[in-house]
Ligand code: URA
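Encoded as structure tokens, the following chain is the form predicted on its own, with no partner shown.
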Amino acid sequence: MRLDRYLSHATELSRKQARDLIKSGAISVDGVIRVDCAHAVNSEQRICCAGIEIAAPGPRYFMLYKPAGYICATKEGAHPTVLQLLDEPRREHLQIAGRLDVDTTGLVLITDDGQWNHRLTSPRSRCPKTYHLSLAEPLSMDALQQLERGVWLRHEHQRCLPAEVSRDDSQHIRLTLVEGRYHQVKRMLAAVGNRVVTLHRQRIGAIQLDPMLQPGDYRPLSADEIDGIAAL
């Protein structure tokens, strides 16, 4: 990793501030002052600022209870981004793993580990995601069976993979998918003649939304939760 990138990942410095610090001669690598911002370093080396060692940057993993009205994006648009809910340094390095629509609530995973994110979101992983839905109309048995077989969506060339469906009552269901097509849940219910009123994601892989979290709250993932995704 470049020295300036290492510093910006390991501290709250911007990349420009890191470069200025390096050029000032304040940074040493294994006891040698380095003024080249592109100097290659790794986490095994001793990197110091004015003689004080800088801890190696480690990957971060969080679960967030997304409230309605926030977007899963790194930049604010018409709505605030979920990253604004995190009181963490270097938020610009974080990625949102598995997005939700602005009006959808529930589990969002956030990390700065690009490989972990890719494993989670890659279509090849077929990571199951469970949603709780309230519907505009009662879900008929025929519609439920269509969802379980896999429905055709408009403008799509392949049928959806079969979904797991269970009913809490006629207008409240739990739906588990292993795909992540655009607005898939809402489009699937529209394809069987119904409409989603509220949509909430409860689970991604083996990671359940922590019942202790309130909308807008977050916490770091446990080692078991992180390893569960890494094993996909």
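One rule holds for the numbers: they count along the sequence shown, beginning at 1. Please read these numbers as outputs of a predicted model, since none were measured by experiment.
We do not show the form predicted in complex with the ligand, though everything after this point is about it.
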item	value
The ligand in the predicted complex: contacted by all of Tyr6, His9 and Arg60, heavy atom 4.5 Å	no
Contact of Gln184 with the ligand in the predicted complex (heavy atom, 4.5 Å)	yes
The ligand contact at Glu76 in the predicted complex, heavy atom, 4.5 Å	no
Close approach of Thr104 to the ligand in the predicted complex, 4.5 Å, heavy atom	yes
Heavy atom of Ala191 within 4.5 Å of the ligand in the predicted complex	no
Among the candidates Leu120, Leu100, Val151, Ala143, the residue which, in the predicted complex, approaches the ligand to within 4.5 Å (heavy atoms)	Leu100
The unique member of Val29, Ile207, Leu199, Cys49 whose heavy atoms fall within 4.5 Å of the ligand in the predicted complex	Leu199
Stretch in contact, per heavy atom within 4.5 angstroms of the ligand in the predicted complex, of 51 to 59, 176 to 184, 32 to 40, 163 to 171	176 to 184
In the predicted complex: members of 115 to 132 within 4.5 Å of the ligand, any heavy atom	Tyr131
